[in-house]
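Single chain ahead, by itself, as structure tokens, in the form predicted alone.
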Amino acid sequence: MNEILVIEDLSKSFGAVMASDKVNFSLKRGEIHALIGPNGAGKSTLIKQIIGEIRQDSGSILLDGLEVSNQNVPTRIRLGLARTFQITNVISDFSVFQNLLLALIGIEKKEFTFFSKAVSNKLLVEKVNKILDETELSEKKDEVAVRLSHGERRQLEIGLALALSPKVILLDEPMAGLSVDIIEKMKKSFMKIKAKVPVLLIEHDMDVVFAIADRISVLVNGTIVATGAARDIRMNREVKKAYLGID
């Protein structure tokens, strides 16, 4: 099955406000699918339903063919649905390399009496180095986490998410507050990561979205009004009017 995450007729209302109105979309293996829309469109509510923070009124969420709509957040994470800030625990006094190594030790339930034994484990070290490459952090591997910039810490958080070997990564505004050079590194990182783990991306930076997204869905007033490749979304009249502000 090419679709790893499938959302079917997902609806959620808060009183008279319809935050999600029979939303249908999917995330395919090997892709970045961006979800965009104006403020108040319902993006955050939709993501919270997917991860399990908010229970939908109706509809379903399928992860790799498994219905997860009624599962709690920890269960969805164990099943392979990762949202970075929920599963990261950066240790400030540890280096980037040590943070990733410790995450892998925990995930793989390896028992090491001393940390040095883990460092000598070639397979674990190879996995750490692969994540460092995927997150564009190889040059920072010996940097203590507390000294990382805001953007570099974001990169490390994504690396810690990858240590979980998730089936899907949800990224909510990952570029917010980042410098231009870090944004470029993040874009390169996402292009590497998507081959391993598909990404559902919420992002306000349209230059980033149009540069890296394989597909884009536009959410307006709780409804998906368009889904397609970047060139199709750019030309869509309803999108221009509702989101880009162009008649």
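In this text, all values refer to a predicted model and were calculated from it rather than measured experimentally. Sequential numbering from 1, following the sequence displayed.
In what follows, reference is made to the form predicted together with a small molecule, a form of this protein that is not presented.
**Student:** Using heavy atoms only and a 4.5 Å cut-off, determine which of A41, V199, M186, I61 is in contact with the small molecule in the predicted complex.
**Tutor:** If I apply the 4.5 Å criterion carefully, the residue I get is A41.
**Student:** Find out whether any non-hydrogen atom of E126 is located within 4.5 angstroms of the small molecule in the predicted complex, and reply yes or no.
**Tutor:** Output for E126 is no: heavy atoms all beyond 4.5 Å of the small molecule.
**Student:** Please tell me whether any heavy atom belonging to K192 falls inside 4.5 Å of a heavy atom of the small molecule, as the geometry stands in the predicted complex.
**Tutor:** Residue-level check for K192: no, no contact with the small molecule.
**Student:** Heavy atoms within 4.5 Å of the small molecule in the predicted complex: does T45 have any?
**Tutor:** Judged by the heavy-atom cut-off of 4.5 Å, T45 is in contact with the small molecule in the predicted complex.
**Student:** Does any part of V17 reach within 4.5 Å of the small molecule in the predicted complex? Heavy atoms only, please.
**Tutor:** It does: once the small molecule is placed as it appears in the predicted complex, V17 has a heavy atom within 4.5 Å of it.
**Student:** So which of 64 to 72, 205 to 213, 32 to 40, 175 to 183 is the stretch with heavy atoms within 4.5 Å of the small molecule in the predicted complex?
**Tutor:** Selected range: 32 to 40.
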